[in-house]
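Only one chain is included here, represented as structure tokens and corresponding to the form predicted on its own.
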Amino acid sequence: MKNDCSCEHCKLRSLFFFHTSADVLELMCENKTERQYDKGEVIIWEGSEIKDFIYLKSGLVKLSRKGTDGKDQIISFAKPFDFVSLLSVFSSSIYNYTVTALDSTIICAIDLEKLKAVALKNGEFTMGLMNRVSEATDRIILNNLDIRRKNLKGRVAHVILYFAHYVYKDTRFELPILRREIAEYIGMTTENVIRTMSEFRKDGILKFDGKEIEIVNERLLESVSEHG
């Protein structure tokens, strides 16, 4: 659906379009389309043609890729105003990953060719874009390296703290991914993840209430994440 032009008041301006003129903002707004997805819907398919520049307005998504064994490997998660199309948008004509909604999600899509035309004429705009590309890439690389240096318990603790600190900013929240997806992300088996979370509950670190998870002992969970 087409969205009313509100780019000048959108957080996107301060995050990305700070160096653009009113005319450029109007052009972006005129070519911006909002799309809504329910939890579990695929927003971008791996291998599909890149036609739009996409950013996340609200919700939460996961980025994943098929491994050589045919199984999904979760690359990263993204929250509002993360630019979910950045990783492939200037390096390939097709997406190298799938983006799936983990919650009710709204994305904004801007015609890629129009955005590239602006980038060619506006150096500050282009540098801002390159900065966002570097930030997104660095975040994924450093986060995955951080996970790989930990043992099993440290990896599970890292994921729980990621959602508590970075996504929800609360010690009580509904975990948006399955135990299987945690296993895909940290490179462990689902059984190991289930056993570890059960141990956290028995040790008084976590409390479960249906789909909700509560961090009861945040300091200890942080210690486990850091030291195992």
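Bear in mind the structure is a predicted one, so any value in this text is a computation, not a measurement. Don't overthink the numbering: it's just position in the shown sequence, from 1.
There is also a form predicted in complex with another copy of the chain; it is not shown, and the following applies to it.
K.L.:
Has each of T137, L142 and R148 got a heavy atom lying within 4.5 angstroms of another copy of the chain in the model of the complex?
P.N.:
The answer is yes; T137, L142 and R148 each reach another copy of the chain.
K.L.:
Considering A119, A109, L102, I106, which brings a non-hydrogen atom within 4.5 Å of another copy of the chain in the model of the complex?
P.N.:
The residue in contact is A119.
K.L.:
Mind telling me which stretch in 54-62, 164-172, 30-38, 182-190 gets its heavy atoms within 4.5 Å of another copy of the chain in the model of the complex?
P.N.:
Stretch 182-190 is the one.
K.L.:
Within 4.5 Å, heavy atoms only: does F90 come near another copy of the chain in the model of the complex?
P.N.:
Yes.
K.L.:
Looking at the partner-bound form in the model of the complex, is A78 within 4.5 Å of another copy of the chain by any heavy atom?
P.N.:
Output for A78 is no: heavy atoms all beyond 4.5 Å of another copy of the chain.
K.L.:
Taking any heavy atom pair closer than or equal to 4.5 Å as contact, tell me whether V84 reaches another copy of the chain in the model of the complex.
P.N.:
No, V84 sits far enough from another copy of the chain in the model of the complex that none of its heavy atoms falls within 4.5 Å.
K.L.:
State yes or no: in the model of the complex, is some non-hydrogen atom of G67 no more than 4.5 angstroms from a non-hydrogen atom of another copy of the chain?
P.N.:
Output for G67 is yes: heavy atoms within 4.5 Å of another copy of the chain.
K.L.:
Taking only heavy atoms into account, state which residues of 102-132 are within 4.5 Å of another copy of the chain in the model of the complex, ordered by sequence.
P.N.:
Result: K116, A119, L120, N122, G123, E124, T126, M127, L129, M130, N131.
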